[in-house]
Every structure is written in structure tokens, then in C-alpha cells.
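The chain below stands alone and is given in C-alpha cells; this is the form predicted on its own.
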Amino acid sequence: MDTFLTLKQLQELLRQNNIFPRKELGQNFLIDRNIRDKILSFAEITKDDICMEIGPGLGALTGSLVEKAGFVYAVEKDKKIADILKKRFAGISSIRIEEKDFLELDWDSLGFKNKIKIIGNLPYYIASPILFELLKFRQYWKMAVVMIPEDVATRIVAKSGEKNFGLLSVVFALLTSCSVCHRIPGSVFYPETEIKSVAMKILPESKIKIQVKNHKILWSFLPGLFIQRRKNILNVLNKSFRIDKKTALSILEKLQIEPTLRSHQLKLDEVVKIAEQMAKIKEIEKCNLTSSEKKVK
């Protein structure tokens, strides 16, 4: 079923329901059929697929998803919009509309028997948290095609040595394969946005690309390497992790990493090695502190 709305139809539906697009929720509705069709083509949806749509809005993609997929699980945070969607899809058993914040989903209780496909026009203000949430639960999905701000996509696909190489680049490089499929101007949305978007395809990797001894420790220490981007890596270790410079220098020498490099100049494997070394140092400090406390007692 085609639930795509022209600009006039969209504006009228919003007026009838006394809805004003909320900038703080990133409510920009897609009004270009060609972009709609491109997004769906990148996802290669068949009747064997279960799709989750993040932020379906008023259904620009949703109707076509219902036609192409075996089942659609649509997650919409705004109650008024979710109610409109429920009316538009009333009586159709192949879709479930969930009025919920995507970041509050209980993935373990959703009951998907097979890995699903993720589709969505992600709200600009919360695109990065949503992407990190997808990575956290990547065991549940096999492909994501999402519209995100171009600057976020640039940081995701940045390579070592590029100024945008950072935490997003490292995490996505380790856990996924990503590609920018299409660039999208702000004029295809209502209200029109000054922010340029891209359609990005994300494929989760079954195994992390670089051997890691402790994943939990790695994720906890990675952010600290990119907080002070203007400082060289020696000073980053000193300031972010409170490691004295002599110890920090010995760590870098052991790893054969030039201490004058900035974080964005590090290679992917070097980032992982430094994070693991920081974890070891902090674990030793913790053990020493515990031993001291026991002696005092």
C-alpha cells in the first residue's frame, strides 16, 4: 500500500491533527518519492525479511515496507503521530506500530526468530546514540539502511590520518562494514532542513576485525583516547588517564608508537593496543590500592 504523502497532503494531515513538527525531536518528514524508492532499493527487502523502521513519521517509507517485507515493526516516539499511523494501518496484520522511544526498547523481549533489517530516517539530534544502540544489539540484525546527517557519516567512514577519524570511526571499523549509498539534500524534507543527509548501509560483522582480549574493557577505555584531540598521544595518556608521562612514554615505546602523534593519526590496531594497555595499568593500580587498604585495616 502506498502511504506516501505529497507536501500538500502532509501539511493538511498535520493541520487536521493539530501537529506542529517538533525540531527538538528531529521531525522532518520525507516528501520525495525518488529518495523513498532509493532508500528501499538499498535495503533489498523481500517477503522473507522482518523490518524494523525507526521513526516512521507519517509513513513515507512504511507503506512500501509493508508491501515488500514479511513483517514490519515500526517504532515511533511521538504519541500523536503513532496514533495516526495506527489508523492508517488499521486491520493490517503484517505491521506492528510501537509507541516507544527506540533507545528504551527491550531487544531481548521482541522475539525475532531471524535477524532483521533496520530502516529509518534517524532524528538528527540523536543519530549517534541510536547508532551506538544498534551496535550494542547487532546480534539481532543483518543490515541497516539509515538516513543520517552527513557529518556523522563522515566521522563513521573516516580513515586513520584524516581529521574526522575518532571514536565513531574506530567502533564502526571494528564492528561493521559501512558505505555511503546516496547524498540527500535538505529540500526533500518538510520542514526543509539546512543539514545535509546521506543514506548509509551498515552490515554488522560476526566477529570483531582485530583480536581483542576483553571487549568490555576496550569499550570503556576507547573514548578517553579521543577526548583531547589537539594534544599528542603522550599528553592524552597523561591527562585523560592520569598516567605519569614516564610510564606513558614507556608504554608507547613498547608499542612502537610515536608519542607526538595525535589520536586521529593512530592506526586502528594501535588504538586497540593503547586502550588495552591503559586497562592493564588501571587494573594494576586498582589491585595495589586494594592491597594498601587491606594493610591499613
Ligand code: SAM
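If you're wondering where the values come from, they're calculated on a predicted model, not measured in any experiment. For every residue, the number given is its place in the sequence shown, counted from 1.
Keep in mind that the form predicted in complex with S-adenosylmethionine is not shown, yet the notes after this line are about it.
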Among 202, 135, 218, 126, which has at least one heavy atom within 4.5 Å of S-adenosylmethionine in the model of the complex?
126
Exactly one residue in 117, 77, 88, 155 has a non-hydrogen atom within 4.5 Å of S-adenosylmethionine in the model of the complex; which is it?
77
Distance check, residue 122 to S-adenosylmethionine in the model of the complex, heavy atom within 4.5 Å:
yes
Find out whether any non-hydrogen atom of residue 159 is located within 4.5 angstroms of S-adenosylmethionine in the model of the complex, and reply yes or no.
no
Is residue 19 one of the residues lying within 4.5 Å of S-adenosylmethionine in the model of the complex, judged by heavy atom distances?
no
Interface membership of residue 241, S-adenosylmethionine in the model of the complex, 4.5 Å heavy atom rule:
no
Within 4.5 Å of S-adenosylmethionine in the model of the complex, counting heavy atoms only, one of 264 to 272, 49 to 57, 251 to 259, 224 to 232 shows up; tell me which.
49 to 57
So which bits of 16 to 33 sit within 4.5 Å of S-adenosylmethionine in the model of the complex, heavy atoms only?
25, 26, 27, 28, 29, 30
